[in-house]
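Below, in structure tokens: the form predicted alone, a single chain.
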Amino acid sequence: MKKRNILASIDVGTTKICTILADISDAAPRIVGVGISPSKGLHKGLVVNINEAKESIRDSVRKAEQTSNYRVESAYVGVTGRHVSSNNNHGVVAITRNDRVVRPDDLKRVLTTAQSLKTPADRKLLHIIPRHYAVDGQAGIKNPVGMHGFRLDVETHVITAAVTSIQNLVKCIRSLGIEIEDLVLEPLASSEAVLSEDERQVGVIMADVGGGTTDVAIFREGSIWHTSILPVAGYQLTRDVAIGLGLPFEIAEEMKKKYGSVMPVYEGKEDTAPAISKDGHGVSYQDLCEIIRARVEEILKLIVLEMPSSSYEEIAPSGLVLTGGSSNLAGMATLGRELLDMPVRVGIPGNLYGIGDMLQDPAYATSVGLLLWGNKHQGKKQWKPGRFAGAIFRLASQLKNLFR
């Protein structure tokens, strides 16, 4: 296979695995390979069966390699799950050099002090993201390098995850001979694909309603302000339909996708609402939509309840941006506006070049976002493997590539 300046992302989701390869030789990434496979061995963002998960990832990677004629040697990988936690922290250092000029080394020092809370042994640091700096009390500075001052402060957003969950995911990827460029929290990745810079500046809530989790990220003044993971999403919608209407899970999932709506329009009277059927299973369209709507209303309310402050109109004047596969349900934005009394839209990845037409769908926001994150943060890896484990995996990867 050919070798060029190729970037890869692997979105290991609860319902699907999506691998994307892009050529970043030009100004904008050009999609050259896409591989999508059903997800097995995962539940609510967590690996529950390593062998099944590994085979699902292998199938997705193989499809992407076949369509692109490139090899996936390393990739940016998304992380989600209830085990992820975050908090905002403050750091401060003194500028002690005679010229009192802030330099890049000072930024590293102040970020280290902001991570003052010792990470427990069972937690892994994923991201420490500077929100803004202050020099001698002058706040709101995005890049203080070159400024003069005696004191440098920083406000950061620190994200950690459970070590065991990370290790299981890393094991699945590396056992295929693929190095991990960086582990990225999925709502941060999704935001790269669906949010505008204006929305980030003014204040916006983004909710990625996927298959197993709803990933929430809040942005203010151009930087991340809050993140959280809700363990309720599309899987619960389908499960409610299956239990409420007495359907097999696969039939319930297909009916949800094909007929489901949270703002249904009935023709005629309610008692004569149309019936729908699939493989011999018949249900009322009205019952289907009412079950789905009840669960979606709960998810929307949980999204705003996750906010640190109840005055979400002030925090996020730009409103709520919904993305993820479950946001494809008809009427999601309309119901959100009625229920929450705020602007709501569905975010779709756009401006994709190459063979990325099929990716212009909310379901692929994280997949595309991982690629954009990687292109934006190349060389700024924050996640690091253990030295010994990294050497072993690199050796195994080299041997696999040798015989490939």
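Note that residue numbering begins at 1 and tracks the sequence as displayed. Everything numeric here is computed off the predicted structure, so don't read it as measured data.
Another form, the form predicted together with a small molecule, is not on view; read the next lines as being about it.
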query: Distance check, Thr213 to the small molecule in the predicted complex, heavy atom within 4.5 Å; finding: yes
query: 4.5 Å heavy atom contact, Leu371 to the small molecule in the predicted complex; finding: no
query: Interface membership of Lys256, the small molecule in the predicted complex, 4.5 Å heavy atom rule; finding: yes
query: Contact label in the predicted complex: Gly347 to the small molecule, heavy atom within 4.5 Å; finding: no
query: Which of 297-305, 123-131, 326-334, 283-291 lines the interface with the small molecule in the predicted complex (heavy atom within 4.5 Å); finding: 326-334
